[in-house]
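Just the one chain here, the form predicted on its own, laid out as structure tokens.
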């Protein structure tokens, strides 16, 4: 009986998820999009409307719940990483029956996704970094559903040698667990190959970020590209991204972009933008404020500098990966966290930003508590900030659209006065 009930629940969620996906994509005018964006639209539809397709991969899937998971290790172990951070309204509702009402939308969606078993049928295990209390407790709940969970322990800080040693031990424990799951040993050759593949992806993403500052790609499309990278084959994604960048470079050569339109340039920060919840960047750009850069763990914070090692021996490469994932990390889970503000100010200066939108999901205390420090640092730079608290639904569209419109208008007026 329980199995039949779960099957009906999965079928209902599958239908609502497909409708939600079409609704969100339908709000985007694809006539204005580059031709190369067609690949990413198709992938998103396939992933969200046919979630059972995860089980058809030629490699075992390892689900991840955070950007802090070293993806190179998963690939070196012969598996395929699938980041399961989503913010679908239907999953939020399903998870709300299992978790407290004030839980973060992302955490509730994780629980709802696990209860429906849609995506989890295609992964053999889940890696849950201890980056927030909500995710830690949600991992406990998911484990009771019969899903294998590994908790990748994050240190509370990254500034001490003890923290770095703790992280190294945590990653080594994760490596051992991975090899147990996949029954495949991580070798020097397999890890070097995986690192190279990810570096190629990073190179193309940085190319996209440079083009993004010129305003030749809408922010909603930019975030759809990063979301597709959560689950797509890394080599196929890199190739599609290269085609997109080539098309955007042609647009720049034609003189297309926001420079001649004199529109206020925005930076988006705070809680991650997670499909299908792309409403905030959508409304920002509809109000006339193109997002030219971001400080988000679902976008720029996913792609760090290359791991630095002298020799391609396993020990050196693993150490380099540990440094790569911890040293540049600016997640709000860290305390103290001065690097986040330094990075944000640097991004604002490099992209010549005129204003910052700071979004947090209701219940996301870590990002909410850093709001004042960020606001003070931006005030010193004479940059205005709009703080938004929201969730996975579109019910607050009227209120938030009005606030965003007013903010963009005020930033534009400030530009005219200088």
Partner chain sequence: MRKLREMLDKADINQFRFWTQIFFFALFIYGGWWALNWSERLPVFACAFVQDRCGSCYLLGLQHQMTAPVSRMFSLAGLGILTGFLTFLIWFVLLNKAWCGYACPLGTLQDWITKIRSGIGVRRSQYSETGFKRLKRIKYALLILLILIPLAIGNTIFGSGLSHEFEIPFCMICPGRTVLPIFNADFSQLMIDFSTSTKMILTALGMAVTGGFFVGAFVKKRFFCLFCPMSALQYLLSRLSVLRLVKDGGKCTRCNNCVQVCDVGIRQIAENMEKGDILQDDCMLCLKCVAACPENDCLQLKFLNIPVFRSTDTGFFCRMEKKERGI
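Fair warning: this is a prediction, and the values are worked out from it, not measured in the lab. Positions refer to the first chain, counted from 1.
In what follows, reference is made to the form predicted in complex with its partner chain, a form of this protein that is not presented.
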Its partner chain in the predicted complex reached by all of 199, 328 and 339, non-hydrogen atom within 4.5 Å:
yes
With a 4.5 Å heavy atom cut-off, would you call residue 307 a contact of its partner chain in the predicted complex?
yes
May I ask you to state whether residue 320 is within 4.5 Å of its partner chain in the predicted complex, using heavy atom distances?
yes
I'd like to know if residue 192 sits close to its partner chain in the predicted complex, meaning any non-hydrogen atom pair within 4.5 angstroms.
yes
Consider residue 188 of the chain shown here, and say whether it contacts its partner chain in the predicted complex, taking contact as heavy atoms within 4.5 Å.
yes
Candidate stretches 310-318, 264-272, 223-231, 98-106, one within 4.5 Å of its partner chain in the predicted complex by heavy atom:
310-318
The unique member of 145, 176, 236, 159 whose heavy atoms fall within 4.5 Å of its partner chain in the predicted complex
159
Option touching its partner chain, based on a heavy atom within 4.5 Å in the predicted complex, out of 254, 133, 140, 203:
203
What changes in the predicted complex is the Cα distance between residue 216 and residue 304, by 3 Å or more; the two atoms are closer
Relative to what is shown, are the Cα atoms of residue 211 and residue 304 closer or farther apart in the predicted complex, where the gap shifts by 3 Å or more?
closer
